[in-house]
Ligand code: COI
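Next up: a single chain in structure tokens, the form predicted on its own.
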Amino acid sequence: MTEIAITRTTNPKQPPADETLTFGTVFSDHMFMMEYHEGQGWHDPRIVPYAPFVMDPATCVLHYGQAIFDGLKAFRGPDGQIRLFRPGDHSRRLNRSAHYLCIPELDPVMVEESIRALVEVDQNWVPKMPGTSLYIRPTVIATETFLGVHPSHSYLYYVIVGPVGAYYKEGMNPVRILVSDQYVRAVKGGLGAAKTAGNYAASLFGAEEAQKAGYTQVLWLDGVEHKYLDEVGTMNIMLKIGDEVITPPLNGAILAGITRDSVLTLLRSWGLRVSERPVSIDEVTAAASAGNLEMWGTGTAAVISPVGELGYKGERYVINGGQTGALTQKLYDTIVGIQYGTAPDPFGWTRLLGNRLGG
């Protein structure tokens, strides 16, 4: 594997106090960069001081949205060790997104190593307080200068990291979600299965309307019948009706979440009845009305997020009395325990950074 060159900053910043952390507003001292040029492939992997990019106004990513990214976290456990959660799976998912966007695939070993090396250089930015972590954002953008609709012949892969607190202001408390039957985020046959910038742009208008109505996020329905659950704007959705745990299938319109997969693996290992099947909003509201529903979201940013209320067609459906369900709490405690090294990791999901740190 190609060696990663490291240039350290001469002006290191002071990481913020753990108790002040929000999500996605503070970034560390360094970033990873690597370029692709047609005929040369991916080359020049390096870690450099965090700094702005200079881009030509005609850079094609600015006009045609050829951009992908992923997101994962590093956790500092009470034993002082730093753990990356499923970095290999995130690396492979980045390549799946690249495939959808006609971006040359990267060596997944190099992707994982770029993440590991950057976290190691900026390991003092990994916070210590429970509930905090270092968020890691690998990204690929098209960099050729042209106006015209075709795949770029050059790209930039880069990674930035920053310490974060809870994604939702509610933390682990139940969130309120508005079901959108008017707007569409993605459709089968489109880019819903890719983690690409355009999917998030498509979610903004509906999310703004939901927030104006007092909701935290939008639950998107399928783009054809506006009947079946797809996903929430920032996480996959799961629910328990009776003794069945249900989540929408990976039909090409939703993202294959790493946390989603972790939850499904845990549930099946616990012997629970799990179904990846279409689930209609009418089935969900009926279960909520009958008091037979537990619901939660899964995602890297929030980990597990209980849903306490759904809004749909002007009606409010309170779920599980507006309280966090027992299974939701068990899933959260188990995954967080694995991430921080306070619970067994039977599936080998975490990767130790390699340096034992004090405190």
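Numbering starts at 1 and follows the sequence shown. Since the structure is predicted, the reported quantities are computational estimates derived from the model, not experimental observations.
Not pictured, yet referred to below: the form predicted in complex with this ligand.
In terms of contact with this ligand in the model of the complex, the residue from Leu327, Val26, Ala301, Val48 that brings a heavy atom within 4.5 Å is Ala301. Proximity to this ligand in the model of the complex, defined as a heavy atom within 4.5 Å, singles out one entry of Phe69, Tyr332, Tyr312, Trp42, which is Phe69. Shown alone, this chain has one stretch from 30-38, 58-66, 312-320, 293-301 that lies within 4.5 Å of this ligand in the model of the complex by heavy atoms: 293-301.
Tyr155 falls outside the set of residues with a heavy atom inside 4.5 Å of this ligand in the model of the complex. Taking the partner from elsewhere, Tyr167 is found to have a heavy atom lying within 4.5 Å of this ligand in the model of the complex. Contact check for Lys240: no non-hydrogen atom falls within 4.5 Å of this ligand in the model of the complex.
Although the partner is absent here, Trp270 lies well away from this ligand in the model of the complex, with no heavy atom inside 4.5 Å. Of the residues in 111-150, those that come within 4.5 Å of this ligand in the model of the complex through at least one heavy atom are, in sequence order, Tyr135, Arg137.
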